[in-house]
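Shown below, as structure tokens, is a lone chain in the form predicted alone; questions about how it binds or moves come after it.
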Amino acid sequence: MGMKIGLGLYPHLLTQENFRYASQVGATHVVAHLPGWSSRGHRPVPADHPWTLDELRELRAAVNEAGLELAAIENFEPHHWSDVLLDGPRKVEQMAGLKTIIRNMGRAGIPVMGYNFSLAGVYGRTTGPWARGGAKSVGYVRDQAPAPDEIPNGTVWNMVVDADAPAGTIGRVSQDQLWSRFRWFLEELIPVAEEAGVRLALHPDDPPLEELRGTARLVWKPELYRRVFDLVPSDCNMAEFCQGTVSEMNGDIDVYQAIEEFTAAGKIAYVHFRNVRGKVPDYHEMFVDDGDVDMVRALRLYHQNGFDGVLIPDHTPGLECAAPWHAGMAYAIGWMRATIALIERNEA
């Protein structure tokens, strides 16, 4: 069993046409990013209603119909767990909903739930012609980022979850407060995940800043994953290893050491495989073969340390054509397929 290539699809891209496209470019798996699914008219229930067993089974069946496997769901709907993140009055009720989601995923045969335990979420990105040939990509540039205002009440992950919330902000959230909330989250959900056979996979903070909008961040240096894994030891407490974000970090270990350590420990559920130039607070995303990271070396490290999971391109610069996203993804996946094939052949 070798490394597998997947395609990450946002809600509006979860179509039979794109499943066939994924198969055509050589992907074997899909990672479905579901937040926003309900707001696009795909669901007959409110956004805060947990995804049902029937919905998840239908999604997996649609993916399977194209000859693909559904590797993971990525990100809870902010409405599902806003008070878990904010330590609000409905956190116990919302946790019951998260447990229902994990049980439903287990029954539907979906093995991984990727998530990002963050209040500010992904914030402050800029878009521009940063990649090779002036291709459009995203990045974080401190001087161009929005003012770091505090997060308004009723808002989490840049989404309003309570339009009737009182005026004001959620205030400052310290490292101790955030890690305490995170510990409760894991202690409640990991036993359910173990029973359901679903792995919980934490995405690192992007941008990897120690604090953003007055709130602490969990994994803004690679070595902080050690604390995550030690907090509630379990085979279901894993990393959604965003290699791009890790390479943006300023930590005690570099991206190659992180790949080697966490792959050898069996703690990587799946990988966001992308390249960047620069480090926080100034970096841009590049084509897979054109950044600061030696991506051949990275793939060799995954292989040598026994990783047989899924890698997805995550983001990629768009190519100058009628279908920038599709072209960019096809380029990335083609490069990944060729490189993995050569590594596995030469090191078999």
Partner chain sequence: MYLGHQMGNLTEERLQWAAQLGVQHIACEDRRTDSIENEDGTWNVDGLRRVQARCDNWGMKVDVIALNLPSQYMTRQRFPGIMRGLASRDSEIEIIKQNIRATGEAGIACLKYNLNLLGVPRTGRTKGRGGAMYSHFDISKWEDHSLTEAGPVSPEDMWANIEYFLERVVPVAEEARVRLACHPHDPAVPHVGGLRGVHCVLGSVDGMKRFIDIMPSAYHGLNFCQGTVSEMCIDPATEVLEAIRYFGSRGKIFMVHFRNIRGGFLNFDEVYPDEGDVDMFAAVNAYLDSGANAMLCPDHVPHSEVDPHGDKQFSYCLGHTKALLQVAHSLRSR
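Positions refer to the first chain, counted from 1. In this text the structure is predicted, and so the values were computed from the model without any measurement.
One more form of this protein exists, namely the form predicted together with its partner chain; it is left out here, but the text below deals with it.
- In the model of the complex, its partner chain stays beyond 4.5 Å of every heavy atom belonging to residue 161.
- Remark: residue 61 does not count among the residues lining its partner chain in the model of the complex, judged by a heavy atom distance of 4.5 Å or less.
- Although the partner is absent here, residue 292 lies well away from its partner chain in the model of the complex, with no heavy atom inside 4.5 Å.
- Its partner chain in the model of the complex comes within 4.5 Å of a heavy atom belonging to residue 20.
- Here the marked residues 183, 198 and 210 all miss its partner chain in the model of the complex; none has a heavy atom within 4.5 angstroms.
- Proximity to its partner chain in the model of the complex, defined as a heavy atom within 4.5 Å, singles out one entry of 152, 134, 266, 148, which is 134.
- Proximity to its partner chain in the model of the complex, taken as heavy atoms within 4.5 Å, picks out 25 to 33 from the listed stretches 303 to 311, 276 to 284, 25 to 33, 53 to 61.
- Contact annotation for 300 to 326: residues with any non-hydrogen atom within 4.5 angstroms of its partner chain in the model of the complex are 300, 318, 319, 320, 321, 322, 323, 326, listed in sequence order.
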